[in-house]
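First, one chain by itself: the form predicted alone, in structure tokens.
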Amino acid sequence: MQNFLNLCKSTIGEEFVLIDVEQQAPYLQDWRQRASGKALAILRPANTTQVAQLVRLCAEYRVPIVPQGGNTGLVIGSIPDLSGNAVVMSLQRLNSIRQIDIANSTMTVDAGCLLQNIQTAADQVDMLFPLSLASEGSCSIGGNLSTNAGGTAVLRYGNTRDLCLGLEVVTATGEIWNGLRGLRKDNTGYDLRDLYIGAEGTLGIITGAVLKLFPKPRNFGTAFISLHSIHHAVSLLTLAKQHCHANLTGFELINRLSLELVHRHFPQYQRIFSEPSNFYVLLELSGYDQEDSTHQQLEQLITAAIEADLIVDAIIATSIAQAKNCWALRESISSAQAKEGKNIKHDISLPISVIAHFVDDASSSLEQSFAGCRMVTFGHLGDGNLHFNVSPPIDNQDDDFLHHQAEINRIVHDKTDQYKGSISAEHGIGTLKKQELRRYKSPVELQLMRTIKQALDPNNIMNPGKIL
């Protein structure tokens, strides 16, 4: 392989072909510190042409490629296996914002751009790029596209797939497909863009994208609401859609334990209510009126919810600081869980109409099989996405509990399938859920996916071992 590495060095420069183990280390550890891999080299190209040249070399020498952006993925999809045969293709140096077209409401970017930098660039021209994730300061847009990331504003703006008009992709044979068209209507054959979005780098490497921009909202309304049950939360969502229409931007569900963990591990955040409830909803509206109509809408909604006996209590944020505190409580749940100890995570989606029944049913089944297990249930109720996580009983050792992960996954995922849901809502499949995918996808679906993989990556060098 020395000749291959020498050719890589001559293509992008010796300093950008990382061979040293210590230099490689940050690229080989997954985000949750659960798995690590080995690599022949870390390749750090500077532009799309260099990516294509490197892919052609990899194809010639049959070297597997693991594309990597910010390496913030949650399903062990962006690190290599332990064989040491693969290279990691890091796109961190592809970080330019190529063009902002205000008239077309689009921004063309390199795949390695950090999500937060894209948000800032949009804000500087008085526009909005609405994708928002807890990892937005670290994750790249290429990774967001490769996993079809969701976030907190899907209810109004859609997933990453819905926010992208065109792509630039280096194929598995090293050709460059320039699909950077900022068109909202284009019916010229198969939608190649949608093949690569959500493919987790198994079909090609996304190097650029045309993203949708939106007018920046002029006013916001934020409310934190306590409820007796998740059934009331689902009913409140229906009521909020009726009252708030297109202004309804976010509708986040938080169960009691989720909030308790945040207050335990992040006491700097102000408590909202003096008395605990079983469930909470963080609701956000955004509008474009010159006069702030969002607060009026929120007041009317809460009044209607009280009259319908749906809520226990509610606060409407009266300042930016109060609104930020509300969102800090929601965004700190995952970190609080990590501080509490190890847990078994599930990223699932369900029809909104059955979510409450699923939570009751699955929680009951888990309690029967694992007495004392603690449910940390939160997520984007507005679009049907739950993070349905299971923590060990208080007196149970984390590692002992984790030995039951396969059994717990089976209960949760079987129930998800029973209620016609998906075992992966916004995190992808990677290696973590590859075996689970085989259990829940039909033979027809799996064969269609294998056919696409074989057609676009005949040498199986693009992120092999992931998804399929």
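Numbering starts at 1 and runs along the sequence shown. As the structure is a prediction and not an experimental result, all values here were calculated from the model.
Not on display, but discussed next: the form predicted together with another copy of the chain.
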Counting any heavy atom within 4.5 Å as contact, can you tell me which stretch out of 348 to 356, 88 to 96, 364 to 372, 264 to 272 lines another copy of the chain in the predicted bound form? 348 to 356
All of K241, I423 and M449 with a heavy atom within 4.5 Å of another copy of the chain in the predicted bound form: yes
Indicate whether another copy of the chain has at least one heavy atom within 4.5 Å of a heavy atom of I176 in the predicted bound form. yes
A246 near another copy of the chain in the predicted bound form, any heavy atom under 4.5 Å? yes
Is L468 near another copy of the chain? Define near as a heavy atom within 4.5 Å, in the predicted bound form. yes
Is there a heavy atom of G428 no more than 4.5 Å from a heavy atom of another copy of the chain in the predicted bound form? yes
What is the one choice in L183, I306, A338, A121 with a heavy atom within 4.5 Å of another copy of the chain in the predicted bound form? L183
Check each of K324, H231, K342, R161 and return the one that places a heavy atom within 4.5 angstroms of another copy of the chain in the predicted bound form. R161
Which of the residues spanning 56 to 77 lie within 4.5 Å of another copy of the chain in the predicted bound form, based on heavy atoms? none
